[in-house]
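As structure tokens, one chain now follows by itself in the form predicted alone.
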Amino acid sequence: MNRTLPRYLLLSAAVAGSLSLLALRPSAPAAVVADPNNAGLKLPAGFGALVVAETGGRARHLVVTPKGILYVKLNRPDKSGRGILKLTPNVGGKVTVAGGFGNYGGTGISLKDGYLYASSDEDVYRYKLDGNGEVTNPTAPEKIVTGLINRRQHESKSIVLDNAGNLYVNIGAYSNSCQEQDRQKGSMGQPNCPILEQAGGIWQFRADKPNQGYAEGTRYATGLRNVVGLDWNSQANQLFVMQHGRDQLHDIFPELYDTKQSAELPAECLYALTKGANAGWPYVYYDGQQRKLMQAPEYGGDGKKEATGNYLQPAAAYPAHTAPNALLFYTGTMFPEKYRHGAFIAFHGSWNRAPEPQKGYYVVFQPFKDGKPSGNWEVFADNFAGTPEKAAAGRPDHKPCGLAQGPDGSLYVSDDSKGTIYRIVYTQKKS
């Protein structure tokens, strides 16, 4: 008996087998196509940018899962009551708003070990993720931290996690400089600033323990007026933060500071923190021009007196009042080698440099070597404001606020003005 199968049946079986193998192979990621005008941004040679989504809300911090899903934290819930938006991949490297959850506003959002963490202005929640990066409990998150102080000034609670199961939360000072009368001309500082008992620093909690309050947390670092941008540097195994420096030196002490000095002081500072660190607010500020810690006028300073006390020196310093709202250590391979392990910082932009031009509204790059800043910072992505005139007037079209690294190494930037989400890619072959 001839058991040989007809040729057409053998061919059909071969084709079916090939199709089965193709189905098992992971599909190639869709090509990312930069906008013809690079989304209006000015970038270094070899880079391109595209607008990937318009959220319509004040987009604060954001994260990207390994599958390319974006979760974006809104400053306030949108019309549908969603404080966290979920955006899923689309063609050309873009994303589509595909739902949301969390009926609270805020800034902080972070990914770690299969969980999405997000904060309101008083609490921190976590959501379980499945293998595809989808939140499994959108209406019933675990409350990890609760009852943090919110006095409607510097109230956002930015968050980050380390590699040892710890959660770090910024609790901003509800004051400019701990005066007896906040922001009032000539008012002196409160002795032994009581604000520092529950604010003005970074608190550490366990990442997996529910319903922690101040009693269960540790004041990890103090003397920080307000931190919106922070990130864990895995190379140095250390927490780095960007402080918003104090305001209105001339307005409060016009006999000591002129308007030019008030516009240029103090520097916005990057700090490398260890447990127990004290950066000195409200007693001191950092003069980036003299590169010295100075005694604050509310506590006996006169614009010339250097600080007394054992306070943490900045790791790097940047122009005054430019509002650093995000810090991201780059670990991807898409960008050239010079960017590896360096820091991107999003500067939200100033409001209080008048009569000097306003400044900021850009993303800068700070080189690092061996876990420490190394070399001068440079503007990486500019023109979020739209024109130099709009930037100088403090009327920008867009305000960069959040930073996230995609699984392919691209850089995402959120906009706290109109809710635009940008994606920056490297378009040239690396030598």
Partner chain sequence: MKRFFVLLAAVTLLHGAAVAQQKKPVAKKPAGKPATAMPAARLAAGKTVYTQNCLTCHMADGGGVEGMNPPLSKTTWVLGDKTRLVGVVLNGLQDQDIDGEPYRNVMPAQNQLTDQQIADVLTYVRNSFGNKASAVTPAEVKAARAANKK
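Positions refer to the first chain, counted from 1. Just so you know, these numbers come straight off a predicted model, no measurement behind them.
Another form, the form predicted in complex with its partner chain, is not on view; read the next lines as being about it.
Look at 61 to 69, 386 to 394, 364 to 372, 34 to 42: in the model of the complex, residues with non-hydrogen atoms within 4.5 angstroms of its partner chain sit in 386 to 394.
Proximity to its partner chain in the model of the complex, defined as a heavy atom within 4.5 Å, singles out one entry of Thr146, Asn90, Asn352, Asn278, which is Asn352. Residue Gln184 is the only one of Asn310, Gln184, Asn237, Gln289 with a heavy atom lying within 4.5 Å of its partner chain in the model of the complex. Heavy atoms of Asp251 reach within 4.5 Å of its partner chain in the model of the complex, making it an interface residue. Using a 4.5 angstroms limit between non-hydrogen atoms, Arg152 touches its partner chain in the model of the complex.
Within 4.5 Å of any heavy atom of its partner chain in the model of the complex lies no heavy atom of Ser120.
In the model of the complex, no heavy atom of Lys260 sits within 4.5 Å of its partner chain.
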